[in-house]
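Let's start with one chain on its own, the form predicted alone, as structure tokens.
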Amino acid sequence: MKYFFLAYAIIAVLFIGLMPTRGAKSPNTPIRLFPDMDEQDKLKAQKPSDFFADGQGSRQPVAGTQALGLNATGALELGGIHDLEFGGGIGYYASGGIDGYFANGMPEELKLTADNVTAFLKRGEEVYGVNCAICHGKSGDGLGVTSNYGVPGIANLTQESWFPAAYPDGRLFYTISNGKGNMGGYKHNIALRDRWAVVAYIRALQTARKAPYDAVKDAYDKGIATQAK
């Protein structure tokens, strides 16, 4: 057995000794046991390409292409993003605060009316379902999918401590934007209008949670019947 280890050590030393040192240059094709990402089917910026008839690697966007999440009429559509609404900014609409204090209520910039508030809440439901429900649950009770895997510190948004009197709308908006505890911020993922829509939808969930059974009986029974199918 000792001769085996001796032979193994000699072979290892020879192998390492024959290997070039890091940074060494050689005209020979390198031996790559794991090529990884050395060669990729991609085009580098400003480089030519034989794939296209004109030989240019840089291409213009396909006709009709628009940036993801952006649209020309976004200013007129709920959920539409008509400018770069993911960065900083001042004022209640962008920060959730007024003169250093968190406030309640929806910002005037949203231009909410009786005609569009339903669509605004619907947008909040959609964005909440994509970004929030996985942790906070569909009803906001903190029993989302991640709670089944022992993720700690998931807020139950239906508790009184998260209601407007204790946790103003502006503070809830700020938390969504910048994160809290184990939750990361979403200001770079969700536009301003959509973050406020989520705030409004969470308030709707809280209100529905406190509503008497007689007021929501039909909707509740319909939901139970749908789940039973």
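As the structure is a computational prediction, the values presented were derived from the model and not from experiment. Just count from 1 along the sequence shown to find any residue number.
FYI, the form predicted together with heme C isn't displayed, but the following is about it.
Participant: Looking at 180, 42, 59, 188, which has any heavy atom no more than 4.5 Å from heme C in the predicted complex?
Facilitator: Checking each option against heme C in the predicted complex, the one that comes within 4.5 Å is 180.
Participant: So which of 94, 119, 154, 110 reaches within 4.5 angstroms of heme C in the predicted complex, heavy atom to heavy atom?
Facilitator: Exactly one listed residue reaches within 4.5 Å, namely 154.
Participant: Is it the case that residue 171, even though its partner is missing from this view, gets within 4.5 Å of heme C in the predicted complex, heavy atoms only?
Facilitator: Contact check for residue 171: yes, within 4.5 Å of heme C in the predicted complex.
Participant: Answer with yes or no whether residue 192 is in contact with heme C in the predicted complex, where contact means some heavy atom within 4.5 Å.
Facilitator: No, residue 192 sits far enough from heme C in the predicted complex that none of its heavy atoms falls within 4.5 Å.
Participant: Can you tell me whether residue 135 touches heme C? I mean in the predicted complex, with a 4.5 angstroms heavy atom cut-off.
Facilitator: Result yes; residue 135 sits at the interface with heme C in the predicted complex.
Participant: In the predicted complex, does residue 159 come within 4.5 Å of heme C, counting heavy atoms only?
Facilitator: No, residue 159 stays farther than 4.5 Å from heme C in the predicted complex.
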